[in-house]
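Shown below, as structure tokens, is a lone chain in the form predicted on its own; questions about how it binds or moves come after it.
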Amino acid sequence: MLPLPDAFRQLYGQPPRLFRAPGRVNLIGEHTDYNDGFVMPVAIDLACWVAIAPRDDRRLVVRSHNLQETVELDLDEAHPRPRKSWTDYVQGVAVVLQQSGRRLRGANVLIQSEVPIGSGLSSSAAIEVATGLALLNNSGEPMKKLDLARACQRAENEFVGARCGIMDQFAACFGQPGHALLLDCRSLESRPLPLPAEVALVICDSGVRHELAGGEYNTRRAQCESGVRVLARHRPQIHALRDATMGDLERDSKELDEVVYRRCRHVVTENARVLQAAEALEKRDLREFGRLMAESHRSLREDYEVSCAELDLLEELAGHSAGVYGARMTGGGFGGCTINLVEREQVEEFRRSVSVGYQQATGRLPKVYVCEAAAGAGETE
């Protein structure tokens, strides 16, 4: 496969500008972002790349380098509708940017992504942010990165139909090399947390793919909102599960549906775990951090019910491997990946033992990625 700029010139006969946005892995803090809570993502060195050059009309001609598919989009279409394909992320961002008052220029676009689709590593936010940045620069329409993150989240919520929080888009915009981010999803204040150099971020892909839009993900969000309505009857200061304590849940447990209670319990305890994990990371207490990761996985499996047998197997196999500080599922769930904190000296042995164990149990080899914390979105040469 040709390098992206060369492929662009061959396809369109123009020199492109090149933009990238990273995928992300979330160390801890799952399903808390849309509850105004705390998360700890890391932008990773698997990215989506967008090559772009202007056109003289009001059309976007967009080709996927991975899928070898091309679509034409009309920027003046009166009532654009989702097509239920990868193009919705591109078109959704264009629609939202124009609704925000930016006048986009037509463009030839070529997209290539290293972020595995449906893996829980936020391939959708990577394509949204990279595309948004490319379209804005191609049109001479500046936008602050926080506003871009919000616009991309809105595109996924309103056009694609997945009611995600802002964590993924924020990480794609603001990731820092060598650091995780502690993000408050209500205030959108964040602070970088240095990752110890002797620890590698190892991602194990179960090979089980999920489809979050319109499905179980949205159901979980609705269940959380249902719980907030019950809790707010007695304590009107509770506007989201971020505001609730375990004491609040226990006091109102008889009024909460049993499933809703467990969903809320996960979010409330997960928020506390994120803050404890940030403290542990700042103290370089990786054993404590790993213990909190294990608690998070257990809560996601039992209370939030978004894990699956393959993710549980990967987490269990990691627990029996040398040099592993912690392991848990990462992303929305129902498939995808685990994140593992592994001593760098033990990475190859970890890869071997987990791959052998997973293949023996499932008949499939997992894909294993050793990643570094990367910078957020930007233009490249």
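In this text, residue numbers run from 1 along the sequence as written. For clarity, every value in this text was computed on a predicted model and none was experimentally measured.
There is also a form predicted together with alpha-D-galactopyranose; it is not shown, and the following applies to it.
Residues with any non-hydrogen atom within 4.5 angstroms of alpha-D-galactopyranose in the predicted complex fall in just one of 348 to 356, 41 to 49, 62 to 70, 25 to 33: 25 to 33. Proximity to alpha-D-galactopyranose in the predicted complex, taken as a non-hydrogen atom within 4.5 angstroms, holds for one residue of Phe289, Phe174, Tyr261, Tyr217, which is Tyr217.
Interface residue among Met167, Leu133, Ala277, Val109, judged by heavy atoms within 4.5 Å of alpha-D-galactopyranose in the predicted complex: Met167. Of the heavy atoms in Gly335, none are within 4.5 Å of alpha-D-galactopyranose in the predicted complex.
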